[in-house]
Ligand code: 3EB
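Here's a solo chain for you in structure tokens, the form predicted alone.
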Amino acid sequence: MLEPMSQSTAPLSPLGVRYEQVDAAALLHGDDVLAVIGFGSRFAAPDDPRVVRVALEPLSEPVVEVWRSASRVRSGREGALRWSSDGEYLFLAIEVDEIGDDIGAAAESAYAQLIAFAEASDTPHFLRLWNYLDAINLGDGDEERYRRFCEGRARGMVDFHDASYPAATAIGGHGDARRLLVYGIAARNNGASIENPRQVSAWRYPREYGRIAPTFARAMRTDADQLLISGTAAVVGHASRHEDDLSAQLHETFANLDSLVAATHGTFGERALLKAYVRDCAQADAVAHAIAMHAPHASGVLLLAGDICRRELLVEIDGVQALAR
């Protein structure tokens, strides 16, 4: 159990977030490390609550993603849930096996546990969540696994009390596993959700996208002036654009990212740590080149092999960006 610490209304300290080419076990000697996230089958995850392995294979040089705090971190386990906290931020991770290929039930269980734990702590405000599940596009219509995931997530969030949804990413792996991984960050202070003027808010999508609309914000701005950007693709309004055209999809995705960050009076890519999820591994070099041209001042870019929540979409980009204070 995470015991409460002293309360404060002061703004949050910025989280340190970066990619590093180091051994994960060596990082864990630091008491300021909130989370270490590794990627792919070659990542050997130490047995520590702060460590997560994402099954997606890197398409760029392998790195680990490290989140560092300004304060001492403590960590532990609560059943299947892993946590670490510095009193300002709470890192949470959970993996849930699907029973009978029921991704909806797995999502409901994962979210119910995450929300109950966070809301019982002094860091109850979810800022950002990542969701990874295999075969995300399997099934047709309302039986597609992503749509069933959205339904289960919504059921699991029935006791969610924040005024707005957190930022989020949901990506499919290329394996055959039936295990849902959800991890994310909550905080002592609430963030400010940011929506994109070029897009319909996800929770307002029409019925054609499923019985339950996706429950996430396009981005979340923390009071430490960090922008947590949700997975962003070539969607305008609520419709996908430029089917089977990678170059056009990238152009539209950058237009969305530019518009989203402009809503905070920032410029996309400045001091940003980015992830790009690429459906076709053969297109990784083209994606990397496009990002380098559009966001030359990004502090780091990681490409991962992953399927996007709509089967016609070829690439999705998310990230963490520092904003001018």
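On a predicted model such as this, the values are computed, not experimentally measured, just so you know. Don't overthink the numbering: it's just position in the shown sequence, from 1.
The discussion below concerns the form predicted in complex with the ligand, not included here.
- Contact check for residue 146: a heavy atom falls within 4.5 Å of the ligand in the predicted bound form.
- At the 4.5 Å threshold, heavy atoms of residue 160 stay clear of the ligand in the predicted bound form, well away from it.
- In the predicted bound form, the ligand sits within 4.5 Å of a heavy atom belonging to residue 216.
- Contact check for residue 231: a non-hydrogen atom falls within 4.5 Å of the ligand in the predicted bound form.
- In the predicted bound form, every residue of the candidate spot (153, 235 and 309) has a heavy atom lying within 4.5 Å of the ligand.
- The candidate stretches are 112 to 120, 161 to 169, 179 to 187, 86 to 94, and the one lying within 4.5 Å of the ligand in the predicted bound form by heavy atoms is 161 to 169.
- Among the residues 193, 131, 249, 226, the one placing a heavy atom within 4.5 Å of the ligand in the predicted bound form is 131.
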